[in-house]
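The form predicted on its own is given below as one chain in structure tokens.
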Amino acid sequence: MSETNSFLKEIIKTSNDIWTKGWAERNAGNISVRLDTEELHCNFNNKSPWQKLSRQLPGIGGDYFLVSGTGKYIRNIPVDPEASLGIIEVDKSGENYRTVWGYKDGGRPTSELAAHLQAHSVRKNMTNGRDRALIHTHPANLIALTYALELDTCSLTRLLWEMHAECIVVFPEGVEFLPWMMAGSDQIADATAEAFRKRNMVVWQYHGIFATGDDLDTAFGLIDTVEKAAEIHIKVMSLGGCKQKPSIDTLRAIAANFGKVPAPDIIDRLV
């Protein structure tokens, strides 16, 4: 597999951006991309045995995914892609997967594979196949908010929309907030997939964020915008608290100006 493959070039750039931002300490964070089969002009001669998925996912049956490896450092993806990444194939039934490239020296896909694949299945269906990329990272300012504040989906989204006027344009769907669950569990994978039916971002309390998009740049940009808004909130509070902020009517007007429709289940609850 050559590093000139477009999907490898994209994930190498994104992994470097994530590391530079400080969102992936040690082996934190993971990335996956559903690949266009037309991009796969290679013979896979190193196929692993089939392994059973924890949930049957017929919606992604026959699909291939580029997935970061468990225990691997995102900052090392550009150094040795074949050690830090792998391509997995899901069988036609959506019951099993196998590695067809990468994870050299005995590596495996991320421990959050269930969350990634379930999310991909949902987003493929919800977007008619447009969404292909998924990023999970640990942005510090956003995580800090989940410790400092009592949050739910509505209150977190409102805070972020109010802290940066462009937020309601960038993510009018809002941000889903999930109370703490064990990472790597089927419970959090199921909850994350369900959240992606309405949102394109999901925050895990005390842990981090998942974002999806049609490519890695889009998913990265969503996280970058949310983290900037969280940072602004923390700085505002350090200056003595918020003295003024855009009204709900102003937020609605901003969204309308850009042809965006804020999530009704959020905006209609705000007064």
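Bear in mind that the values here come from a model prediction, so they are computed numbers and not experimental data. All residue numbers are counted from 1 along the displayed sequence.
The protein also exists as the form predicted in complex with a small molecule; that form is not presented, and the subsequent description refers to it.
S.K.: Wondering, does A144 line up within 4.5 Å of the small molecule in the predicted bound form on heavy atoms?
M.R.: Judged by the heavy-atom cut-off of 4.5 Å, A144 is well away from the small molecule in the predicted bound form.
S.K.: Tell me, yes or no, whether T110 is in contact with the small molecule in the predicted bound form, where a contact means a heavy atom of each within 4.5 Å.
M.R.: Taking the distances in the predicted bound form, the answer for T110 is yes, it comes within 4.5 Å of the small molecule.
S.K.: Although the small molecule is absent from this view, report whether A28 comes within 4.5 Å of it in the predicted bound form, heavy atoms only.
M.R.: A28 belongs to the contact set for the small molecule.
S.K.: Applying a 4.5 Å heavy atom distance criterion, does T70 contact the small molecule in the predicted bound form?
M.R.: Answer yes; at least one heavy atom of T70 falls within 4.5 Å of the small molecule in the predicted bound form.
S.K.: Can you pick out, from A140, A165, C154, A183, the residue that has a heavy atom within 4.5 Å of the small molecule in the predicted bound form?
M.R.: None of the other options qualify; the answer is A183.
S.K.: Where does the small molecule sit in the predicted bound form: which of 131 to 139, 192 to 200, 146 to 154, 99 to 107, heavy atoms within 4.5 Å?
M.R.: Stretch with heavy atoms near the partner: 131 to 139.
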